[in-house]
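Below you will find one chain, with nothing else, as structure tokens; this is the form predicted alone, and questions on how it binds or moves follow later.
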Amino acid sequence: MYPEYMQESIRNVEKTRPARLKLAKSGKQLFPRMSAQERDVVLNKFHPDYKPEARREIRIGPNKGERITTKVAELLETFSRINPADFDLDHPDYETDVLVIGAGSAGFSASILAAENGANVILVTKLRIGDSNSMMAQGGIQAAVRPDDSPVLHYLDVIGGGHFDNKPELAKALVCDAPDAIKWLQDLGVMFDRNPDGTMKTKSGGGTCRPRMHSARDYTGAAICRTLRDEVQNRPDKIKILEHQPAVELIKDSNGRVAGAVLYHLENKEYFTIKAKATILSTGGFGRLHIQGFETTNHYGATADGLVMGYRAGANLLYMDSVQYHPTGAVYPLQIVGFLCTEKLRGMGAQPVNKNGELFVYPLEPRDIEASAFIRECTERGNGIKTPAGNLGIWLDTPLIEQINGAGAIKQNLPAMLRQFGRFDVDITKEPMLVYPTLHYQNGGLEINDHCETKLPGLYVAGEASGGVHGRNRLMGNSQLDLIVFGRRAGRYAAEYAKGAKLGKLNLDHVYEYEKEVEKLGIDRKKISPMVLPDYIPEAVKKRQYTTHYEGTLR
């Protein structure tokens, strides 16, 4: 329930709604799209990436001298969690053809395809199988399957949305594999939303020229991830699953090939080693680093472990200067600050308006543009709404969805959104949501080619841990597609590689070499990575916990 002092602003939204609804129903442009020049201005002045403190030079490793996201640079300039001398790599605890690290939709897709291509697979995961950002995705998955659409148009949207910085061969693979990826998921049992005539529903997303968003109401990620998880669990003869055992270091052989990993068992506090002919990193992103203090939509496992392990072993990073802040993160009620409010809301007609009820930006600009416009409206223009906790936000006018699509549209298409806000007595069919940009996605990652290969033989990457697919900004629905397209490719190519791989003597020499460089920087020995698990208490909560003296977990 919104406090009384916010009601005046909500009345302004209600007052302007009829005119905005009339415009929406007329089919006319709701608000002028920004020109290229206007986009550059709003990005450079208001996007968090453009703040002076957002990036700094990385001083060691393959990308030495490049300016990357400050928090990532700090994480990479650290010591290993392990002492390599403690491990007898001549007698590994497990051996396999393909090791998959990370059990979200990319890891599941990779495991299935590797197994189908004759490989024995070990799938390891930090938490429970399926605990990942993949499960939390809401809005949809893109694929050009309509008669008026094509992979060419999809490609142009991907490239334009990524500010023309995408690796072209990766963008091509993404869009060309998309229709088959959707069919594969359908065949496995994913229940996509359908029209009365049986055709699949497709909605618009920010930065797209055609409606190509396929969805399963507003829990698309869960629908996909659960289906893939079942497929993995139904193949125990080919896929062995190790839960609660995050990888903390890659293993290499005497020829410089990646040859497995060191695992840490979270329950019994022991380390284990796996020898593998091919290794796939599908560890996701870095949302739980809370870049620049932003709230996040990310799962607690999103701590950039794959980046750390891959970089320390010698793989290149690409576009690690770019962070995606989703424009619509919940900012009220306080209990769900940062929670993702899917872009599907705007795709179905919800409009972003300021405290005066005025539409101030085209609702479906690419995410970085939309987020920057929200920040500008709240800061420079002073048209945001302040919450009791001191956070600023703008209204997302969700009642329009019902008025445009008919009564019951939110309950039918967005049940998770309705339920989440309903827990706090906010009825989004009658009241707007209060939103503000939230840390959402890692645009960059480990550099790969269209076979998902890094520059290190035997090391493959799929999903959010990779860089280059989306350039410096990802469009809605392309992350779920990325997981499937490149997860499948990684599994297939890793299995093929494993058939001919003959490993030399295993070692962790690269850890010693990397730590020598860290030591030269004078870094405190207590600073180690990968992080594995984040601090579960955000800084904003800690501030509210301050007392005059120490009381247990309160500081």
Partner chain sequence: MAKDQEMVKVYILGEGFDVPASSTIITAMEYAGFQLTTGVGCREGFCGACATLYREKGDYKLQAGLACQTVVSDGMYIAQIPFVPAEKPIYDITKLTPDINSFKTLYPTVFRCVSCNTCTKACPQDIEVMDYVQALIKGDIAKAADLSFDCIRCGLCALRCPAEIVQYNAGILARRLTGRYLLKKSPDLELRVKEIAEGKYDKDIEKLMKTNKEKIKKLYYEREVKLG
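Residue numbers count along the first chain shown, from 1. Since the model is a prediction, treat every value here as computed from it, not as a measurement.
The next section is about a form of this same protein that is not shown, the form predicted together with the partner chain.
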Open item on the list: Within 4.5 Å, heavy atoms only, which of 182, 248, 317, 291 is in contact with the partner chain in the model of the complex?
Closed with: 182
Task: The unique member of 79, 360, 94, 192 whose heavy atoms fall within 4.5 Å of the partner chain in the model of the complex - done: 192
Task: Proximity to the partner chain in the model of the complex (heavy atom, within 4.5 Å), stretch among 151-159, 395-403, 70-78, 428-436 - done: 151-159
Task: Complete contact of 48, 57 and 262 with the partner chain in the model of the complex (any heavy atom, 4.5 Å) - done: no
Task: Proximity of residue 39 to the partner chain in the model of the complex, heavy atoms at 4.5 Å - done: yes
Open item on the list: Can you work out whether residue 33 and the partner chain are in contact in the model of the complex, taking contact to mean some heavy atom pair no more than 4.5 Å apart?
Closed with: yes
- [ ] Mark residue 381 yes when one of its heavy atoms lies within 4.5 Å of a heavy atom of the partner chain in the model of the complex, and no otherwise.
- [x] no
Task: is_contact(residue 270, the partner chain) in the model of the complex, heavy atom dist at most 4.5 Å - done: no
Task: Contacts with the partner chain in the model of the complex, stretch 387-417 (heavy atom within 4.5 Å) - done: 388, 389, 415, 416
